[in-house]
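Just one chain follows, in the form predicted alone, and it is written as C-alpha cells.
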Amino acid sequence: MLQTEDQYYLSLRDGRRVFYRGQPVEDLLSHPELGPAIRHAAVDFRMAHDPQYRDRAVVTDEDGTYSRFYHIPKSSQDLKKRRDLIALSTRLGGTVVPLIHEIGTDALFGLMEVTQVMDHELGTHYSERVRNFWQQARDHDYALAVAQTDVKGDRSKRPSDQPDPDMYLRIVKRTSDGIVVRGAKVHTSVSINANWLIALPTREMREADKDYAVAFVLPVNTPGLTLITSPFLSSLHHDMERPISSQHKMVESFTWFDDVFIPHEQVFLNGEWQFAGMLAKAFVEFHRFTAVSYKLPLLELITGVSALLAKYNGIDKARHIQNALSDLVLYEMTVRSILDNAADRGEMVAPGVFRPHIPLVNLAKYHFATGLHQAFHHVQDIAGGLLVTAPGEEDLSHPELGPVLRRYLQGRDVGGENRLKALYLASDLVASDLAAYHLVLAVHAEGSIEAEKMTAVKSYPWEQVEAWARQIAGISD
C-alpha cells in the first residue's frame, strides 16, 4: 500500500503525547507551528501518487508495489537511485528534507546488516524480527523516525558510571513478554509526524553497560512515550520574505521514555553489549549517505541564487565575484562526486544489503560540513547588506511605498520587486533561523565533523604508504 497524503494525516490522530512550549498538542495538523512540518513531510506521499515523480518514488517487484525508500539497496545503482530520490524530495521541500522515510529505512538497513552477524555469532533470532518489521512497514508505507542520541549526562563517564543511571536509555525490567525501558533521547527528528519510532544505541558498550545495549521499534502512541518538541524554526513568516521557512519545516523532539513496555517481537537488541557500537555505526554510515544526498539541493540553490544576484547587482563580471561563484560550483561538484564514488565503491555487507563505501561517505560529509560556512559567506558577499536591511512584504504592497521601492531597488535588467524576491530567498538561506539551523546541522547532524574525519583517516592505508616510503628511501627492516 502507498499511503495517500490524507491517509497519512489521519494516521497521526492516534492519541500520541506531544507537547509544544509546555502545552499538549491535540491536533498536529491544525497547530500553527507544527502543522507546516506535517504538510512538509507529506512530500514523500505526494510524490508516490504524482505521475510526474511516481517512476522515481515507487518500486514494483516480486514483493509488490511500494515506496522506493523501502527498497533494500543491492548495488551501486540502487544507492544512486536512492540518492536521487532523497535529493528530489528535498528539492520539493525547498532544501528541507522530509526525512519520514529516509532516516527510518537507514536504520532498518543497518539493523539488517548487524543482526545477521549477531544471529550467526550468538544464535539469536533478531534478523527475522527486523525483516518482519521491514515488511510490515513497507507494506503499510509507514512514516518512521529514529531516536539514537542519548542525553548522556556527564560525557566523561560511561553509561553505567553515570550518577543518574537514566542518562542513557536502559532496560529496567525484563519479562516473559518483553522489556521495559526508561530514559530520554534528544535531537529526534520527525518524531511527532512518524507512525513508528526506532530506538538505537548511540555508542559502543562494555559488559557493565549491557542494560543500555538496547534497540527496538514502537508505535509513537505507545503509553509512556512523550515527545517535547523544539520551538526552533518558526513557520509564522510572510511567504515572500521567507519563501522556504514559511512553508517547509522539520521538527525535533526531546523524547522521554517513562517505563515504556516493548514486546519481544519489537526488540532488536536486548543486552548484547558487544554489538551496540557496531549497530550505532551501521546506521550512521547509511544515514551519512542520506545526509549528503539531501545536502545537494541546498548547495545547488545557494549557487543558483548567488549567480542570480550577481547578475541583478551588475557585478557578475567582477573577478572576486567570479572567484566566489567558481568556489561554489567546485564545492557542489566535489561533494556530489565523492558521493557518487561512495556508491560506486560500496560493498555487500549482508545477504541482499549493499552499503556505500564508508571512508568516502565520511569524506563527502566532512567536505560538506567544513565548507558550508564559507559558502554562506560567498552568498552574503554577493547579495549585499539588503539581506538583512530590506523593507518588508507589506511595504512592497503599500500603495504609496510600493512604487518607490520598485523604482529604487531595481537592478540590472530586473525590477525592484523581483530583485527583492531574490534577496528574500538568499536571506532565508543564509541570514535566518533556517540558515542557523543548516549551519548547526552541518557541524553536528549525522555525527560530528571530528567523527567523520577520524573515520575517513582511520581507513587510510598507512602501512602501505609507509612501506613504500621505506622502499624508496632504501630503509631495510
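Keep in mind the model is a prediction, meaning the values are calculated, not measured. The first residue of the shown sequence is 1; numbering continues from there.
What comes next is about the form predicted in complex with a small molecule, which does not appear here.
Considering the small molecule in the predicted bound form, the lone stretch of 38 to 46, 447 to 455, 56 to 64, 418 to 426 in range is 447 to 455 [heavy atom distance within 4.5 Å].
Heavy atoms of L441 reach within 4.5 Å of the small molecule in the predicted bound form, making it an interface residue. Among heavy atoms of H71, none comes within 4.5 Å of the small molecule in the predicted bound form. The shortest heavy atom separation between A147 and the small molecule in the predicted bound form is within 4.5 Å. Proximity of E252 to the small molecule in the predicted bound form: non-hydrogen atoms within 4.5 Å are present. Comment: the small molecule is not present in this chain, but in the predicted bound form one of S293, S245, S189, S127 has a heavy atom within 4.5 Å of it, namely S189.
Residue-level contacts in the predicted bound form: of K311, K152, H367, H237, one residue has a heavy atom within 4.5 Å of the small molecule, and it is K152.
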